[in-house]
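Before any questions on binding or motion, here is one chain by itself as structure tokens, the form predicted alone.
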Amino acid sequence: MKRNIEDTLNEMQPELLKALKNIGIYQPHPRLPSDWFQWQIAERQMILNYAEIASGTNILEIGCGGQAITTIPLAASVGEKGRVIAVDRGRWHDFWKLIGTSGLKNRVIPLQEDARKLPFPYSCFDLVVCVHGIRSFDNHQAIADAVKEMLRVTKERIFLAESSPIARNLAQKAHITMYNLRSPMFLALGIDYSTAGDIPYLSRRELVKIVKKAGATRVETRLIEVNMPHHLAWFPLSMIEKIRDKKTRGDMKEKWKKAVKMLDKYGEEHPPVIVVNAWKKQS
């Protein structure tokens, strides 16, 4: 059953709801509906419930992104005595504007680092988290390298979450259809994935295989039905217009137009999300 935003917000922890009220309407692009940010934060909070974060926790977040969508609920979850070290390779955009307005700035420390070469010499974090950041790596090997580092610096466990390539309905199919155009577009433009992100969603089996390859000794997964709208797959046609190869540009334009028609007709919804708790080998 689909949710509505009012009931969803009422289910939030008070501190997170207060942060959203402080931020107000955040609409960086006119195609985004006025409540898109609230929905994204709500989805992150739902997913983070499976991470079992206690107040006072010291968390390393991998791939915080330029809109702090996971950082904000993490900061609300750790409480006044907890900390979130938010790592990204360079896509900060409105990060500090949103964190500052939220009222949670004092709990967040930003670091611009490569997740595959973290600057921490030992296991100093209660938990390492990467939510909807797996898709921002170049390839499967890069993901494995980052997960290996996540396991190295956590005291015991890491938590991952990523959308699956499963479509249960036409709104989820519309999202995946548009999302799957991002990777070939970036390749055609010669844009580095570490800057642009958005490799295709991994299956549950692929994600578990990568985490085990990285050295996890125990892996537990769940597939979560989100039942919330999603509005982040779309990108402007002007990006495709920059592709130099005429045939590639023409093919991409046709696919983009069909994907937009699907979004307009069916809406856009989160595919089921894979959540992973993985444990490191204890010495």
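One-based numbering along the sequence shown. Here the structure is a predicted model, which is why all the values come from computation and not from measurement.
Below, we refer to the form predicted together with a small molecule, which is not included among the displayed structures.
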For this session: Please state whether every one of the three residues G65, I69 and A115 places a non-hydrogen atom within 4.5 angstroms of the small molecule in the predicted complex.
Result: yes
For this session: Mind telling me which stretch in 209-217, 89-97, 120-128, 152-160 gets its heavy atoms within 4.5 Å of the small molecule in the predicted complex?
Result: 89-97
For this session: Classify S102 as contacting or not contacting the small molecule in the predicted complex by the rule of any non-hydrogen atom within 4.5 angstroms, answering yes or no.
Result: no
For this session: Decide whether H132 counts as a contact residue for the small molecule in the predicted complex under a heavy atom distance cut-off of 4.5 Å.
Result: yes
Problem set entry | R44 within 4.5 Å of the small molecule in the predicted complex, heavy atoms | yes
Problem set entry | Proximity of S136 to the small molecule in the predicted complex, heavy atoms at 4.5 Å | yes
